[in-house]
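As structure tokens, the next two blocks hold two forms of the same chain, structure 1 and structure 2.
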Structure 1
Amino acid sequence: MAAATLVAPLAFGATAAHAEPSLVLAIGGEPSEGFDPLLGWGHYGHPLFQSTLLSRDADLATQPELARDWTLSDDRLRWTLTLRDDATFSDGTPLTAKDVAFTFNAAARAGGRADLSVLASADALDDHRVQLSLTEPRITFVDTLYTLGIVPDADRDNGYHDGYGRAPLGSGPYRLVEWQEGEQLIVERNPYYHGDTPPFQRLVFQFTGEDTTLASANAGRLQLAAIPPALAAQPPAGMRRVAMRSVDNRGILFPMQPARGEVSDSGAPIGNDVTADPAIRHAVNLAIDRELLVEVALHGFGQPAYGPADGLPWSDAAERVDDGDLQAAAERLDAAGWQLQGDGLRRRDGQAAGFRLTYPAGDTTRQLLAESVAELLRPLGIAVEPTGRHWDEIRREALHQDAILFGWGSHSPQEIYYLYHSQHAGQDYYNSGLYANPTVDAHLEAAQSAASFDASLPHWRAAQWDGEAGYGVRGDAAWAWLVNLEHLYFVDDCLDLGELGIAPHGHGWPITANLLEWQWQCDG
């Protein structure tokens, strides 16, 4: 026993010093359910053990992966994909269209994070062709082609089973060595991988809390560590700080309807007479100084946000506000009849220009944002009352009658559909401000029934602003988007991360999206 103890660390040290070093990463995000794509594993970034039908590069442009050819039918209801014929699982058995069909059908029924509710059925046409049929045109179904890792058909000997999440078998670049739950995940190169050989033989993902991660980084035991902004001031020796841009956004949702005494299905009161006025929403958007918010609430690690998906192809690049302009905001309010009174507050027909700004209690970033927004709007004569509440109370009380500080951000325009389409008005957290504009609805629907994902992009952008109407700041200003977070990492000086894209909500796994492009720049 003693001999084994002495030998083991030496053996590991030898691997670490090899020309192809192993990496130790602490980026959090341990999936407690295991590595099961049917339940949503791999949704952020690369599924690691499995491969997907299509992939996206740093600019989110589509690239072939398992599928080398794909078409969408004219009625937008059938995807037909042709698979490459050299793909195998990490035990050497071939991956066929049957496995793909099984994966999609099973994921649609599994009831996990992977949402395939629009899938009618998936069928293998032959060994290398698969057809996915939808119940209605929905271009955002393409997301599952990028994110759903293919698992082996349950009918096979090595097929999918209940314990798959703890013994994943896939055709991805890595295969599982050991998962010590609550501690670490050890993976090694999959020798059967069909793509380029991954640059690192062995990866270790350490699942530790913020303090422990920082202590390990300071001790020089990590090559990559996810770090919260408050702790990111001083990188340890031998490491540098990398800030990854994101659409991990924070913004203010406005209730769009006046209070008429209605309540939603869950009993939450609907409507707010102040935020229902577009003048108020425009004035808020104009008056806030977003750069200042980044400095105050994010320690400088972020960018101003003007929409729900800044920098992504489905967001209008022209969507910008010359903000921090109290003069323009005041003129907008004056024109709408909100007069500044002697007490420094604006009123119209006896109604004071004030509203509650609710944020989830315990989220210090959102608390700072809410309080800063209140300070910035005070000189304008708008009284904002920052209010911290538990999510449960937000759902019961605040959801449809308070302005709410939400945070979203994803790699799918589906989120825009949920946030702005009137079909989801008043449904839980989706369009909780009950925003409804027929023109925007029409653009969103046109996007969903586009001939391809690329063809849908102009429609998504038109929903934001089409020259006359839109959900964005030039149109209805249904939200006042505030900031996009930057995700911070300490990275070993020898580790080159290549070109990082824009990350979605969620700090950690998204950075591994381009894992196969990482390079070790030092010798020995």
Structure 2
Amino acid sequence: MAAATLVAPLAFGATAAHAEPSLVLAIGGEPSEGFDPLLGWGHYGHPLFQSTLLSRDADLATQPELARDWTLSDDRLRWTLTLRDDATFSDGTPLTAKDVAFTFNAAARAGGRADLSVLASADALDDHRVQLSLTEPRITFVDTLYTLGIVPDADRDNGYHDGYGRAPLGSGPYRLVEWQEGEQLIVERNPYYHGDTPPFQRLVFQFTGEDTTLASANAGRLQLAAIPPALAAQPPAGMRRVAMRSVDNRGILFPMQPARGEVSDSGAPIGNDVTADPAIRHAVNLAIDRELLVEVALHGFGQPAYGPADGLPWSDAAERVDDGDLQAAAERLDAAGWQLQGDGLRRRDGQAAGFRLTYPAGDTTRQLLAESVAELLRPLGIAVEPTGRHWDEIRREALHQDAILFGWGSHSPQEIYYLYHSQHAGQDYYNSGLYANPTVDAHLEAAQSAASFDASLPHWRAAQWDGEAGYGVRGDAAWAWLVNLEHLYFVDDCLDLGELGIAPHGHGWPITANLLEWQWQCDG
């Protein structure tokens, strides 16, 4: 079903007018911390207001951006990059190597999403050359060259300041005109942009809920709208449905520790006596019918998921399980002492086999997945309680004691490191189940210190399963990965989106990654 609806760029006529209207978009993703790359803006897509040193094309191949040339020393401890000499910020002032050095040094201190933990220093060698020195080789450090937008040095008159995220100055294709938080963002072309002229003079991003977005699309007030699968059946008149491939997944994180009355530094309770049992986690992975989840919760717009990076070279293609097998799941539970009782629920030593499955309130896709998982596990004798909470409540109450329906998906294996290395246990959302396995840690560290990206791949895959241990379904089953999504949009019939790439997780407006290729194909 989904494959049949994949939409290639439309075959517009040669007489298209190429007018330059404003576009109104509702694609979600309003960043609460603003548009500050030092705090994470741009991590999951193009930063829009800022430029990066390198970029990826639709095939994920490296392309120059601010950097024209780049080298890595033989000991893999020094990146040297030469910048283009025509880059300026959107106020017309030049961008130099000092701005790049400031950005990397400040981002390392800021503790945002960029992985700069091994950055020793960033130094401007002259106006157009910058050197990034590392404390140790780190194979995924290169990701920061693709994702970290460059901000002006704080020592400049127009430099970085505390309120930068709400008044960003960058060298990207657009500059901010007005941001009405919770309502809309208005941007316009950066007249000093060093690349091709952006095709649209003005863009208006509306921040609306799913129902309001659909109503606006039906009323003809949007040219591009992100739509959840449940609402994507019938495009409005004058619009078409586009399904963008992605590595965006959804899965269940299990708390790995039993409840001992411990709390995190933030006061959040730690531990769950049910999900801490590997028999429960393996039974869940066996019992879930992922194909059925795709049909029911995604309306066919996706694929089953068995790991956090299915189809990517750092994922083990053999990481599969014959799922939807209630008999195998029941045998696993029986052997572990979880006995089915007359009320249809399994118990062991008085402990009922049940847990809350928390999802962010307002996300209809995750709600459908949570409710479907509960129905699939009910015949097995596991009681799952789907629970919608706001993110602040999840962080305060549920993060380390509930099973949580998270979404991830990245163009980099760095995300695997965050999700499964014990170094990140209890930090942020990634490894909030406090998973730890020294064997897995060793494989992940070997991957990061490998001589090349290709050389790192066997180590990433071994962390998933090395024949005896791993984080995957054949090992600790620290997660039950469920589905990989297709990103769905209603798109004005006059808007040609060009060649779309493979989207990462939804934050950061991934569909705008090729914004400069978009074209308006109608008169007027």
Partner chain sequence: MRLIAPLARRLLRLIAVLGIVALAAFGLMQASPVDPVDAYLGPQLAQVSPEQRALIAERWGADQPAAQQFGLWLGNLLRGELGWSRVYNAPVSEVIGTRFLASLPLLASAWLGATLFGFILGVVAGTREDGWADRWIRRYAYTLASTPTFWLAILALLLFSVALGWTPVCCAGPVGMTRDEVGLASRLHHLLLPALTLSLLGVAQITLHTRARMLELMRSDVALHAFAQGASRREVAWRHGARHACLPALTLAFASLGELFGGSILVEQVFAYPGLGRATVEAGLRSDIPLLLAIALFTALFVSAGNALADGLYRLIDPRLREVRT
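Quick note, the numbers are simply positions in structure 1, starting from 1. Since this is a predicted model, take the numbers as computed values, not measurements.
Comparing the two isolated chains, structure 2 is the one taken from the form predicted alone; structure 1 is not. Rigid-body motion between the two structures puts a hinge in the chain; from the set Leu485, Ser171, Arg332, Gly381, that hinge position is held by Leu485. Here the chain moves as two rigid blocks between the two structures; the smaller block's rotation against the larger, from C-alpha superpositions, is 30°.
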